[in-house]
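In structure tokens, the next block holds one chain alone, the form predicted on its own.
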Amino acid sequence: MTRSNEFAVIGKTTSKTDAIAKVTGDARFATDIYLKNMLWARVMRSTVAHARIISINTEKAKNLDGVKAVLTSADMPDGKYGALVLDMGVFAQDKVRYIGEAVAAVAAVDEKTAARAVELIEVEYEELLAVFDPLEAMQPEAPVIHDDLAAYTTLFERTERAMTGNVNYQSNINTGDIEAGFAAADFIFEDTYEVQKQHPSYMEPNSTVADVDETGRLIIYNTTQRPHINQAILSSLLGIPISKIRVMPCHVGGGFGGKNRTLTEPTAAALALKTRQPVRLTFSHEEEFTSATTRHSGVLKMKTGVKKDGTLIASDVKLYYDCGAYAPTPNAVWLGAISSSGAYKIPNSRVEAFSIYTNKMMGGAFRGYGAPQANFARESQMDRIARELNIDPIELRLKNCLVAGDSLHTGQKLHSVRVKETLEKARDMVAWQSPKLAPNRALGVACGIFACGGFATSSIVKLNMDGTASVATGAMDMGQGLRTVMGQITAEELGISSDDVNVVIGDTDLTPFDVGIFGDRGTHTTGLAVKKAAEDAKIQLLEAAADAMEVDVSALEIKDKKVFDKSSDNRFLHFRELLGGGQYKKGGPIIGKASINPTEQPFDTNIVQGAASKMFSTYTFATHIVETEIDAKTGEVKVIKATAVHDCGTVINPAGLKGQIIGGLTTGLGYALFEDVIIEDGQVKNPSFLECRMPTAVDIPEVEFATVDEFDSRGPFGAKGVGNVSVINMAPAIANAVDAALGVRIKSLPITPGKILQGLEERAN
């Protein structure tokens, strides 16, 4: 793997530190928390898509034996929360905006009583016209879902359409001269693509147990990707100082972005404060599919101008992301805008990206975070261009791909780019000659870009008296192995083994701030903070050794838990000699710390308007080639093999890399072929794992993967991310393979047998 021979710990396979706990069942998840005198919470949810609330009668529920509390919006402070648009209350206020929205909640002595109490709550609605299509929602005559939209607090620069009608977010990107670019083009290609809702489908549902301790502090046990943000949101919503709230996250039974929201915590907390008893709120799996968040569905319009030789010279993209009734993640739409030009140089580019309210469940963060949608459109059209210009699909991509020193269409200059190398290595791995292999059998290729890292984080590294180390980070391990990787980074920097490092994560009383785990920022950004904190501790250790050995710091080096005088291997001090009495001697204990935010540099406002976040630290790239076989009689698609080559910088843990890539490919496979949260008139029609089909073991292809040699100067030991870029290429690669095999271009996901058969029929006619 990349540069592993240069390091003692980095690049070496290391077992996950939580593996034994998970295998033996000792790992504690939020659904394992049972406290003395704990109450059970249930939520009463809207049965209509759009309506004014005329009245809510909770008396029957309150009078039911065993019910300890019933809450509605009338019982809550008048506050709203969200990520970048503060548009959502704990309960519906005045209006309901989708089927499944929380209207009231109860806490009772057992689940059965809580469920019965919910049935006794009476709500009178005045139904309103609803809108379910994002393009229809943008029309002037469409029903307005948020009447006071313009008054909402937003944490981004508002553009002309943002916060008007049903548009809650808009970003614009303009580079070069778009009209001149199209005028100079020999060919112009225009296509419209549609993408569906995909649920993260984690096995563990959203769950919180809230308690109030003997001092009056609110204690939260939950499943989350962002404990410190949870803490801040609860403080704002409930009017409690942050110091009076402790979030103690448990092991996370799958997140993939879906646990990056605050859903169960405010309700459980409010009920616990009301009753002064522990309260547990756990979503049912049906609630997960109707009241949590999904990948955004949407419509993507792409117009591209090309020279005869295949050179891309102009691109006009319009992205319409359906965010549902609330907008928890405009950043996903912004990342879609960044990803919409793909991994290519296009000198004249215009992008308009919109986040649009509809009367449906929320679109939110999910692995790939806005990029799978845009990349499906870009890479599908790239293959159409290649076919119609009679250019090999890989050669077309190689001709136009970004290289180090190029700039994105956002104006940001790139410093770490090996997309060309991923294309070449993937081509060699499959012995590519042409897409078509045999009747109904073909290869499909796609490559892509994903923004990596950024946002605020911090870390503390404490050296113990025996020469071991303790690390504290507010970032969460969701199963991706972050705790293990942070231990490896610390060990490498300090010259100790991974077994000598203990990593504490998440607990807001014990760890410094982290904004949350999303967008490939775990290894890259949290790892960078941990490395810098370890560097700080290392400098202090060397200074102590220099003082004890009466030499200059520059004369010393660290390895094997010892500080050596470079001039003599026989002159050294063991860590424990320097640290054992550190509590009492000159200088005191050694504690390293770091606080960083790698996204501090803004975009050029002449190019970008309405950026949801500032400039990302770096970008990752990948090429995927899939071998598929399609049954022309049934339309069934079988992916035989997937070859994935990633530009992810230095590999910290090869086993972790393998898990991330296989997991990402599987998520992308489901997005391409199976998964679709079907909504009719605002009602989710398939709210279960049984009805919303995911890939199973029999669907997973043979996987071969590799990395290219790259060292990102902005990442810890040269590392970048891989968790999101591993997802974004599968859908377009499979669509491209289907087209190569059958001559049927599918422009909407998922690629179902019915769509293929319809395409074959249309082609025959």
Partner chain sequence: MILYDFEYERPGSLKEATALLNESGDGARLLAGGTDLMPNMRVEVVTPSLLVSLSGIEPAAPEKRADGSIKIDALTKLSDLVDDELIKSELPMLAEAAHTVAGNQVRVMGTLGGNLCQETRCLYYNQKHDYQFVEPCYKRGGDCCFPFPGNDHNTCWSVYMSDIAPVLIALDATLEILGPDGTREIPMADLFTGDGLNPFTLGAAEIVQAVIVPPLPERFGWGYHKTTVRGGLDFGTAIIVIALQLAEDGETCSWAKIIYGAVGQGPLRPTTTEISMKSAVLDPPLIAVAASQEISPLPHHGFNKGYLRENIRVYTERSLVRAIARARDKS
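It should be emphasised that the depicted structure is a prediction, and the values quoted were computed from it without experimental measurement. Positions refer to the first chain, counted from 1.
Separately, the form predicted together with its partner chain exists; it is not shown, and the next lines address it.
A.B. asks: Within 4.5 angstroms, counting heavy atoms, which one of the listed stretches 527 to 535, 282 to 290, 228 to 236, 327 to 335 is next to its partner chain in the model of the complex?
C.D. replies: It is the stretch 282 to 290.
A.B. asks: Though its partner chain is not shown, can you say which of Glu157, Asp547, Glu691, Asp560 has a heavy atom within 4.5 Å of it in the model of the complex?
C.D. replies: Result of the distance check: Glu691.
A.B. asks: Please identify the residue among Lys112, Lys318, Lys399, Arg571 with any heavy atom within 4.5 Å of its partner chain in the model of the complex.
C.D. replies: Selected residue: Lys112.
A.B. asks: Does its partner chain come within 4.5 Å of a heavy atom in each of Gly79, Asp94 and Gly165 in the model of the complex?
C.D. replies: So, no: the whole triplet misses its partner chain.
A.B. asks: With heavy atoms only and a cut-off of 4.5 Å, decide whether Phe674 touches its partner chain in the model of the complex.
C.D. replies: Result yes; Phe674 sits at the interface with its partner chain in the model of the complex.
A.B. asks: May I ask you to check whether Lys641 falls inside a 4.5 Å heavy atom distance of its partner chain in the model of the complex?
C.D. replies: Heavy-atom contact with its partner chain at 4.5 Å: absent for Lys641.
A.B. asks: So, Pro753 and its partner chain: in the model of the complex, are they within 4.5 Å at any heavy atom pair?
C.D. replies: Yes, Pro753 lies within 4.5 Å of its partner chain in the model of the complex.
A.B. asks: So in the model of the complex, is its partner chain close enough to Asn686 to count as touching (4.5 Å, heavy atoms)?
C.D. replies: Answer yes; at least one heavy atom of Asn686 falls within 4.5 Å of its partner chain in the model of the complex.
A.B. asks: Mind listing which residues of 37 to 70 have a heavy atom within 4.5 Å of its partner chain in the model of the complex?
C.D. replies: Result: Arg42, Arg45, Ser46, Thr47.
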